[in-house]
Ligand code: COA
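One chain follows as structure tokens, the form predicted on its own.
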Amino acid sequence: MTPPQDDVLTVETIPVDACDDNTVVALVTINRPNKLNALNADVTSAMKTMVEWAESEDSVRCIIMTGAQPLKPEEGKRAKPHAFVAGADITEFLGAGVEEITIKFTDNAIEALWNMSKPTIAMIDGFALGGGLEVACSCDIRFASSRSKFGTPEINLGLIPGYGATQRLVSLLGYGKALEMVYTGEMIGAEEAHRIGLVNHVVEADELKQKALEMACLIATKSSHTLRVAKSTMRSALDEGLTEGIATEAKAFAKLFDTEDQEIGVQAFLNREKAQWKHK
């Protein structure tokens, strides 16, 4: 298993100690620290490649997305702030027309990340603005350091979010709060983001990686098949009404009784043993 590597995106595979095989968590780092990890064509292309690789590797059980830490500043210069992803690289918008932007934002890396069948976690330290917030929202779970900042500043450029935030923020925050963020373009801090449901957990910066990895490794010990079913079933809550969604859940739940992992899980519970999943 050789993870893809790129100048603007690196992938580290971290073994899961609780598992007996080569189960790993993939720690994916967007690596443009001098540009606050801003998204450009190279980053989004590398993200697509990473998604294809992670989906095809059975040993990869969970993906953590993060941004590179700031580099040590040159003597006499100020250090750059911490950033998950500080947005899209606005220089790529110059001179772009409707057709070019339509292609760029329709078949995009953020949707590829959103549509992954495997669990994903955003590990946010610093600015998550514009496209960066949209990368975070395309992940299943969000951990943030206490110094993180969130916002959708596109309105200040005469634009709206283009990577799905107008839709995903409504699901996460509710209609009114999502509109407030998009209308004003103002940033909010980590504690407020947690209060309104934008992030799952807020921790101190020096604990962030440990806490995100603990969650990823816990998830990685579960049946990969059941995780995929859970993700797809819960995703239907965003696409279907309540009645249809409950019917979808009932069918998915019943089908799991034809799987070996269901039998293994029940027997392990009854015998007070650790489940040895068939679908790892």
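Note that the coordinates shown come from a computational prediction; the quantities given were computed from them, not determined experimentally. When you see a residue number, it is the position in the sequence shown, counting from 1.
What comes next is about the form predicted in complex with the ligand, which is not displayed.
Student: Among 190 to 198, 123 to 131, 67 to 75, 96 to 104, which stretch has residues whose heavy atoms lie within 4.5 Å of the ligand in the predicted complex?
Tutor: One stretch meets the cut-off, namely 123 to 131.
Student: Does the 4.5 Å heavy atom contact test between D89 and the ligand in the predicted complex come out positive?
Tutor: Heavy-atom contact with the ligand at 4.5 Å: present for D89.
Student: May I ask you to check whether G164 falls inside a 4.5 Å heavy atom distance of the ligand in the predicted complex?
Tutor: No - in the predicted complex, heavy atoms of G164 and the ligand never come within 4.5 Å of each other.
Student: Is K211 a contact residue for the ligand in the predicted complex, using a 4.5 Å heavy atom cut-off?
Tutor: No, no contact at 4.5 Å.
Student: Please check if K231 has a heavy atom lying within 4.5 Å of any heavy atom of the ligand in the predicted complex.
Tutor: No, K231 stays farther than 4.5 Å from the ligand in the predicted complex.
Student: Looking at K48, K35, R235, H225 here, can you tell me which has any non-hydrogen atom within 4.5 angstroms of the ligand in the predicted complex?
Tutor: Of the candidates K48, K35, R235, H225, K35 is the one lying within 4.5 Å of the ligand in the predicted complex.
Student: Can you name the residues of 57 to 84 that have a heavy atom within 4.5 Å of the ligand in the predicted complex?
Tutor: Heavy-atom contacts within 4.5 Å come from R78, K80, P81.
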